[in-house]
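Next up: just one chain, as structure tokens, the form predicted alone.
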């Protein structure tokens, strides 16, 4: 479908947009409550400790449920095709996109991998999303459930206290994913206009 100026692509079906919205809200709730749990003290509570734990736990459970939904939806719809990539030539493709983000975009060079119906993500996006959604998110969910039921955590892991080891992995991944979100939001602002990519997640059209 075309408008007066450019091709319009319907890339974000309603289920992707709903999942994305809920995922974003739950993740922001997890980041905020996670920070309050990490840095609050007896003398200074950003949110009451019990409230923060409850919100964090419920948000984590909801996020994990929608993550399972995401996995099944990607398995049984064409959206999963966007997360598949070939290893051969991957480094060159990723570096080409990285150089564009680092220099080319500021010199108004053409995008090396423009968005099409068959290619929603450029190579750097695809690699990042695959690592985040199929590696980091599962680990942070698993460690989160282990901390929710600490009795099942081994007393010792690699010579360290089991619960402290699991907690450390959970916190590190929390910070990694938080950084990813900041970078993700930044890159969303470099579309045709600063708000065009955000509008895409509302109406589904790129």
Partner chain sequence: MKKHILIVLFLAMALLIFSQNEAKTSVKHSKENSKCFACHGAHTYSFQNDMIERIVTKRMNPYFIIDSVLYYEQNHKSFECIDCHSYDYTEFPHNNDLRMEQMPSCLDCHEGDDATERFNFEEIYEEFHESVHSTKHSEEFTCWMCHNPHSYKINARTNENVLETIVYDNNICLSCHADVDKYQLISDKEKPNVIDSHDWLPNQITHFARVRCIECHAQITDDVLVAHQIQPKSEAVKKCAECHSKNAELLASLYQFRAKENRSKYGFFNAAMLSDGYVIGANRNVYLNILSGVIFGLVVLVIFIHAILRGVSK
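Keep in mind that this is a model prediction, so the values were computed, not measured. Numbering follows the first chain given and starts at 1.
Omitted from view is the form predicted in complex with the partner chain, to which the following refers.
No residue in the set 12, 18 and 123 has a non-hydrogen atom no more than 4.5 Å from the partner chain in the predicted bound form. Proximity to the partner chain in the predicted bound form, taken as a non-hydrogen atom within 4.5 angstroms, holds for one residue of 145, 49, 58, 69, which is 49. A residue is said to contact a partner when one of its heavy atoms sits within 4.5 Å of a partner heavy atom; residue 42 meets this definition for the partner chain in the predicted bound form. Although the partner is absent here, residue 138 sits far enough away that none of its heavy atoms falls within 4.5 Å of the partner chain in the predicted bound form. Within 4.5 Å of any heavy atom of the partner chain in the predicted bound form lies no heavy atom of residue 76. Using a 4.5 Å cutoff between non-hydrogen atoms, residue 157 does not count as a contact of the partner chain in the predicted bound form. Residues of 175 to 192 lying near the partner chain in the predicted bound form, listed in sequence order, are 175, 179, 182, 183, 186, 189, 190, the criterion being any heavy atom within 4.5 Å.
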